[in-house]
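Only one chain is shown below, in structure tokens, and it's the form predicted alone.
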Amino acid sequence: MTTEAATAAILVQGLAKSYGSTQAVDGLSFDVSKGSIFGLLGTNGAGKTTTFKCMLGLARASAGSVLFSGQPLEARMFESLSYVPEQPALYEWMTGREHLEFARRSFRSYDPAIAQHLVELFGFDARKRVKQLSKGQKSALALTLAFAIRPQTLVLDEPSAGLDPVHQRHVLDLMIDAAAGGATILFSSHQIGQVERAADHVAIMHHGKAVLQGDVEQLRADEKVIEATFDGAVPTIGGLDADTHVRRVTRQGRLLRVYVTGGGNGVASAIQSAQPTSLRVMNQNLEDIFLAAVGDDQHPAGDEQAAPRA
């Protein structure tokens, strides 16, 4: 275990969860540093929600371990840990104001000024019963409750689900501000732009596994796409698909795209030797990196692809 992992605010090692023959989470490992924002990115069904449930004791993991600041999860930790599920866990018969009062009586760190600010920011009527609120308003109330206790750790499952674009931006700003104040944030999303804007580190999940993870800026620096155009059909370039730097290769008519990681000078030279009419090397954004990492079933049939590597 690295020094960073040993002192991580959240350390997940070899986490697995199966439902019968279905492997929802498969040997997942990652660590979240204190005061950072870690994004768990994946398509629907990738295993993000199951991961959070296992981490927080809402589902029993089949294997693996989870530590919070070096300790297994205990009930007392929820005094400073907020969890917001994708479907907010609220009492339908209670009003928003009653939920806030319940939180005030339950948490020593509850801050009524923060709660009032967030009610006004999200613009929902705290006098209404939860059953009268829209999906977005329920999400806003759940987020208000989560941030109002000034938690040291926040675990947020699709925190902007149901919110309009303005309020989605508010959620991202809240996470960034909380992390700047020392809080640790782990959140999931299938919206790549949100993860790219807010997260310091990211793990891309696919079929229950982390197929790629790392510092967002470092991933952008390491991951590139080489695009070449030929006069006729794309020729066969020996060793391209087997190169350890190559994540994925696509060929469409006269156009060749090769997605590379950790240095692509040799790959570019090999392509250049095939005498393309044009060749350029471009940085990838997180969307490009995500699509290259998740593999075959996210691309049209007919693309030729290298297997994703963690």
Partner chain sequence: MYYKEFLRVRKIFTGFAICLVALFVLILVFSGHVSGSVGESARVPHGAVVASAAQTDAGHGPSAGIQIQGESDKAPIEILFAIAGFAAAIFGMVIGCALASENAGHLEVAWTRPASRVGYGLRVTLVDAIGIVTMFAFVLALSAALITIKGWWPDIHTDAASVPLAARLFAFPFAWYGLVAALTASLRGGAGLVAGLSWPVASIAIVLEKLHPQSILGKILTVVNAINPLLYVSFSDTESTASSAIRALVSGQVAAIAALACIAVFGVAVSLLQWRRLEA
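Worth saying up front: this structure is predicted, and the values here are computed from it rather than measured. Numbering follows the first chain given and starts at 1.
Keep in mind that the form predicted together with the partner chain is not shown, yet the notes after this line are about it.
Asker: Where, among 119 to 127, 73 to 81, 204 to 212, 184 to 192, do residues come within 4.5 Å of the partner chain in the predicted complex by heavy atom distance?
Answerer: In short, 73 to 81.
Asker: Contact between residue 85 and the partner chain in the predicted complex at 4.5 Å, heavy atoms?
Answerer: Judged by the heavy-atom cut-off of 4.5 Å, residue 85 is in contact with the partner chain in the predicted complex.
Asker: Could you confirm whether residue 58 comes within 4.5 Å of the partner chain in the predicted complex, counting heavy atoms only?
Answerer: Contact check for residue 58: yes, within 4.5 Å of the partner chain in the predicted complex.
Asker: Please determine whether residue 98 contacts the partner chain in the predicted complex, using a 4.5 Å cut-off between heavy atoms.
Answerer: Yes, residue 98 sits close enough to the partner chain in the predicted complex that at least one of its heavy atoms falls within 4.5 Å.
Asker: Are any of the heavy atoms in residue 233 no more than 4.5 Å from a heavy atom of the partner chain in the predicted complex?
Answerer: Residue 233: no contact with the partner chain in the predicted complex.
Asker: Which residue, 221, 180, 114, 94, is the contact with the partner chain in the predicted complex, using a 4.5 Å heavy atom cutoff?
Answerer: The residue from 221, 180, 114, 94 that makes the contact is 94.
Asker: Looking at 90, 176, 133, 237 here, can you tell me which has any non-hydrogen atom within 4.5 angstroms of the partner chain in the predicted complex?
Answerer: If I apply the 4.5 Å criterion carefully, the residue I get is 90.
Asker: Does any residue in 93 to 107 get within 4.5 Å of the partner chain in the predicted complex, counting heavy atoms only, and if so which ones?
Answerer: 93, 94, 98, 101, 102, 103, 105, 106, 107, in sequence order.
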